[in-house]
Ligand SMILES: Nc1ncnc2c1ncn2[C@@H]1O[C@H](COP(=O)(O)OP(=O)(O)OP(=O)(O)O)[C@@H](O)[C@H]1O
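In the block that follows, a single chain appears as structure tokens, in the form predicted on its own.
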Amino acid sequence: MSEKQALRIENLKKSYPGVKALKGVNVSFNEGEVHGLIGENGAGKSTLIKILAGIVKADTGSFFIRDEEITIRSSKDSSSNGLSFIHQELNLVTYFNAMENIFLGHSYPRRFGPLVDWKALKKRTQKITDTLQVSFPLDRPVSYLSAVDRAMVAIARAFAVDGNVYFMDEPATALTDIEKEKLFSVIKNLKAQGKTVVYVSHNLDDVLQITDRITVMRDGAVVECKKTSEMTKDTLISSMIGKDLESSFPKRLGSPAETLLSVSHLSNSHIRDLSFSLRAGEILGIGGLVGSGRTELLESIFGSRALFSGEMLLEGDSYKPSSPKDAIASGVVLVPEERRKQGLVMSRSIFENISMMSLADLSHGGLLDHQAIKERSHEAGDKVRLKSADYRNHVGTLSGGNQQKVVFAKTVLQQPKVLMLDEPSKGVDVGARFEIYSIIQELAASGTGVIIVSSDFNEVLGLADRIVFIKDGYQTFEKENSDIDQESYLNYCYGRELS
């Protein structure tokens, strides 16, 4: 690995009203290395990347490319200096096709003057997708593509120009294991070419697997930078949060009671003949691979996806939700996978987001009781340990972990009988993740039945009392958690019975 610096940052500072986002950051990234950049939500990683991308202006700081000082005032400055970015938020134009999104902001090839040369554009795009070893429809609006394909479009966009330093902010969040391995292969190829990759992720296993060095940020400052070979998951966690976590998962607070929800022979276009039960105070895991029907099962129980056949009983009574509104009225709530698109209104205040499902209970004579909204929102926020100085702020100003806590606070106000969680810690840092796990345990201890879906199988193993496995929409196994380890969990996901 070359020790020649590709990019050096000195004394980078950025403040917002009441917040010092960056406190004199000094960090360098070498040529031909994969460099991990980690830290809790709010540590300053995203601010650093936005400054380098020319999106946010720094208060002070200097930037050097191969020891030559450069100025970054715009995204054009950033791109012209060989910096390329895969941002955590995909920011795709949904009615543009993949080719248009990949080359958005760059000059399209032209023919006969102003006309776009679509054949040449497709050839350029094909070259990028061949490099990434991926395939997706190039001429369809990206709104019609799967979440995995949209993520790959965003990744491909970083290769529209030839860069020297590639910043990848949570690039693998929406990818399947197969797609992630393809991305890792691309990263290794970039390294072999002498390029620099800065890999930002909350998935510490991925960071330890793919990187050469790791820089840890906390509270707007760099607190550690070492070779990856000198670090472990435990030391990374300690460095990120400034203390040791006794365990990745909090202790179980209660035990399951009587049957709360019964599901019998549920079927539709995505799930087939699924049957299981959920007890009050139980945490039930739904195991399976991406695309197995896990999310569709939750949506079917929530009334947002129609059933062809099957029966459900809630506390012994027939439960037939025709819409999410019916489900919520019955005490069945879903925390969706995409919190920004499905769980929150990013342009509205924290107060409004927490109370939006409870407005009928927080109004009198058709008029909102603003004092009640304030009191109940703060009460719910306190229960989920929400960190915000002012609930009047837009929810979009919060870190990912606190945004997820707002979704949980909204749920707590409903006092749900059944709480369904789809990827509850997606994009959430280690410290906030532990707090979210504690919230889940406390809700279960209060008698709420919890169903959890997660692509992180350690999360399911760490929380669930029992796990129902599905594959291709069919139920394959049902196991007590005590009977499962990591190896057997994966085998059950693939539908393999153990000898």
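Between two forms, the rigid core is defined as the largest C-alpha subset superposing within 1.5 Å. As the structure is a prediction and not an experimental result, all values here were calculated from the model. In this text, residue numbers run from 1 along the sequence as written.
Here the subject shifts to the form predicted in complex with the named molecule, a form of this protein not shown in this document.
K.L.:
Within 4.5 Å, heavy atoms only, which of 255, 397, 135, 259 is in contact with the named molecule in the model of the complex?
P.N.:
None of the others qualify; the residue that does is 397.
K.L.:
Among 381, 401, 285, 424, which has at least one heavy atom within 4.5 Å of the named molecule in the model of the complex?
P.N.:
None of the others qualify; the residue that does is 401.
K.L.:
Taking heavy atoms and a 4.5 Å cut-off, does residue 46 contact the named molecule in the model of the complex?
P.N.:
The answer is yes: residue 46 has a heavy atom within 4.5 Å of the named molecule.
K.L.:
Considering non-hydrogen atoms and a 4.5 Å limit, does the named molecule approach residue 42 in the model of the complex?
P.N.:
Although the named molecule is absent here, residue 42 would touch it in the model of the complex, with heavy atoms inside 4.5 Å.
K.L.:
Since only the chain is shown here, I'm wondering whether residue 12 would be in contact with the named molecule in the model of the complex (any heavy atom pair within 4.5 Å).
P.N.:
No - in the model of the complex, heavy atoms of residue 12 and the named molecule never come within 4.5 Å of each other.
K.L.:
Given that the named molecule is not shown alongside this chain, does residue 157 nevertheless sit within 4.5 Å of it in the model of the complex, heavy atom to heavy atom?
P.N.:
Answer no; every heavy atom of residue 157 is more than 4.5 Å from the named molecule in the model of the complex.
K.L.:
Give a yes or no on whether every one of 19, 88 and 202 sits within 4.5 angstroms of the named molecule in the model of the complex by heavy atom.
P.N.:
Affirmative, all three are within 4.5 Å.
K.L.:
Choose one stretch from 439-447, 455-463, 46-54, 469-477: the one whose residues place a heavy atom within 4.5 angstroms of the named molecule in the model of the complex.
P.N.:
Heavy-atom contact with the partner occurs in 46-54.
K.L.:
For the stretch 152-176, I need every residue with any heavy atom inside 4.5 Å of the named molecule in the model of the complex, listed N to C.
P.N.:
Heavy-atom contacts to the named molecule in the model of the complex: only 170.
K.L.:
Core-aligned, is the CA shift for residue 315 between this form and the one not shown 2 angstroms or more?
P.N.:
Comparing the forms between this form and the one not shown, which are aligned on their rigid core, residue 315 does not shift its C-alpha by 2 Å or more.
K.L.:
Taking the rigid core as the frame, does residue 263 move its C-alpha by 2 Å or more between this form and the one not shown?
P.N.:
Comparing forms between this form and the one not shown, the residue 263 CA shifts below 2 Å.
K.L.:
Take the rigid core as the frame of reference and indicate whether the C-alpha of residue 273 shifts by 2 Å or more between this form and the one not shown.
P.N.:
No, shifts by less than 2 Å.
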